[in-house]
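Structure 1 and structure 2 below are two forms of the same protein chain, each written out on its own as structure tokens.
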Structure 1
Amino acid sequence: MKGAFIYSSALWVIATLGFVPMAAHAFPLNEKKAPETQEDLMLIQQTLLASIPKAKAATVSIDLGNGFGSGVIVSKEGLVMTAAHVSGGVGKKVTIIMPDGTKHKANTLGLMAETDAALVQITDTGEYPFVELNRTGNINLGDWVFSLGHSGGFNKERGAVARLARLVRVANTTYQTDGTLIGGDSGGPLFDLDGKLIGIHSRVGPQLPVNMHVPVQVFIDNWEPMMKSEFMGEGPFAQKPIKGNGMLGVATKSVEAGLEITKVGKKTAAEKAELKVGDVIRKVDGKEVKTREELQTIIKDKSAGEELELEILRDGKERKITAELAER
């Protein structure tokens, strides 16, 4: 099916444009079923050695607060491709860790919950190292490829881990390679041997040679809605936020200045945000709150993972506190 799909879209290109797009310098050994000589092997090595440094410079770790994934920068402005189960949602704040350990703030854009594709935008302005996508459609079974990723989380001394592999299964929404992946690699890049991006790491099977990636074509086909921060599809790789499932975790009573906190629940969003008993909440997201019901109405309209901007009075001083709602 996948083969058919690629083939028919190639035909469509021929029909409309009248020529076959040149495969940009395809790696010659992909034409052979297997390398035949030691020279062939050295050609694989030589090509790989030339491609790794640039690919590695753009391969980032994504710190999600409760775990790590990987990603790859695909534009000078810091657009990052990753997996939907890494970004986990739309409009979330994450931290991007560059190979040298520099951290950048980023926001998650759109995602495809069914195929495990997502985009993230670095919000710190700057010029970022990036890789190019293989847009030729000339990606085939048996191609020599390599994976990069921050396996098990970021480790500056080790750097991104490389794995050489072949494309061993090809389907519409999945590539399988025989280069092993592990937790933390998710969202990291799969490259052809010339260093053009062909996929994003997604998941593995119980056996070592079963490692799955989202084809870059899935991203290309859904680029616009993803850039517009659309949440596409229903699971299993990301769950749509459910309104009203967020919780702050405080007990309050109405006082003249607003809502006074009488209790902060253990391990709640409120505790994490360091709200204290005696704090008086004056405004939430810019709206004045005088009663418990008013606070609840605001929270009910949000979901777990979303943030509340609180303006409080503590010891007579005004303070601003941001609390991320926990799941009820």
Structure 2
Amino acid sequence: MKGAFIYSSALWVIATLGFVPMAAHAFPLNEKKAPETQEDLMLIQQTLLASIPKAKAATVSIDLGNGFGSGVIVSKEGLVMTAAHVSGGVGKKVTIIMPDGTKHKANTLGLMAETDAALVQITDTGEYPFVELNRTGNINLGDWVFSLGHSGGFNKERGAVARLARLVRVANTTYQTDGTLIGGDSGGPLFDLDGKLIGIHSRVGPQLPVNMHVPVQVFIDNWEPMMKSEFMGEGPFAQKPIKGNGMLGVATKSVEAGLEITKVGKKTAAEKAELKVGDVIRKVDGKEVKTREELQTIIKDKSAGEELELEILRDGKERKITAELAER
């Protein structure tokens, strides 16, 4: 379906010029079990349409290299909130895709492995559209909310998909809604009807309309260590890196200029990085390497998923190549 949002056919598109939305905590329909009149439906429609544009502008797709997730920008400097299982770890390089298709380089910061919260920082300089956090803590069972996410991955023509929902469970570390989320939505934002961020999509339950979200308060309570790129907790949404389990996948021999590659293993990190037989590795992470033992010492201090910065000679020309270590 084209368009930015999906909800009941009873909520038709209407003109909203001049409409000012109420704050979500004062939204009168939050107190009702269900809309009772056409006016109730129109009020939901108007409020939703007034809040979506700013929220969509800050909702991004996160390209992980081997998959996609979603996130939302929460500062003009490009700080992104997402899920820990989307970021995949600390200190990883990812790509942020803006709604217009523009791509920006980014690094993953800290995460909470037990609650599925993570931060990502766009590293390209600039000012970015962002949303405000609901810091009031005034979130109640039955509140009307809406979610955004790049369902199934980024699609510029379609844009982020919005779904109207209600909170059906409110706990300290989890919100549950009755909206519908699918793959690609993970890490995307959950808003109150005033357009304030209240949570981040974590996981889909046994049925599509059963969805879990990380409350914004979880991020706020752990903001400092996350900004310092700390890995907190022990799973299940992220696993701590294990030093020494990374593998490059090359055979080498010592030559005057460094280490010459004599074999590149199939489906290895080296092959993925397009290293070739005959390449001469001169430096790894800025350190000169002359022997296989020196290369192995550097790799033993790394874990699967971490990157090596290689300076090589190929056909007499210097080149720099980044290789992400595979798991041994």
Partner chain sequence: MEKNGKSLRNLLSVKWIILFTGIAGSHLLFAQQSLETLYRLTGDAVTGVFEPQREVIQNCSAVIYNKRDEIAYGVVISKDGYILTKASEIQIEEKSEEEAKDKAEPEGEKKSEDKAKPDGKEKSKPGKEFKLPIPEGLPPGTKIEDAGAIVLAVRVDKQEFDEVKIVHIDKKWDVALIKVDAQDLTPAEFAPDSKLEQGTWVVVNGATSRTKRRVLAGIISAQAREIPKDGVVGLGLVLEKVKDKLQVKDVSKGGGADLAGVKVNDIIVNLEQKKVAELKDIAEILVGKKPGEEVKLTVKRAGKDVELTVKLAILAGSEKPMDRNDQMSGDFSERRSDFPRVIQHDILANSNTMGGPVLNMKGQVVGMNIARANRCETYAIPVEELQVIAKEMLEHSFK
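Take the two forms, superpose them, and find the largest set of C-alpha atoms that agree within 1.5 Å; that set is the rigid core. Here, residue number means position along structure 1's sequence, counting from 1. Keep in mind the model is a prediction, meaning the values are calculated, not measured.
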Next on the checklist: I want to make sure I have the labels right. Is the form predicted on its own structure 1, or is it structure 2?
Outcome noted: 2
Checklist entry - Is Lys266 among the residues whose Cα moves by 2 Å or more between structures 1 and 2 after superposition of the rigid core? => result no
Next on the checklist: When the rigid core is used for the superposition, does Glu36 move between structures 1 and 2 (threshold: C-alpha shift of 2 Å or more)?
Outcome noted: yes
Checklist entry - Once you lay the two forms on top of each other by their rigid core, how far has the C-alpha of Lys317 moved between structures 1 and 2, in Å? => result 2.4
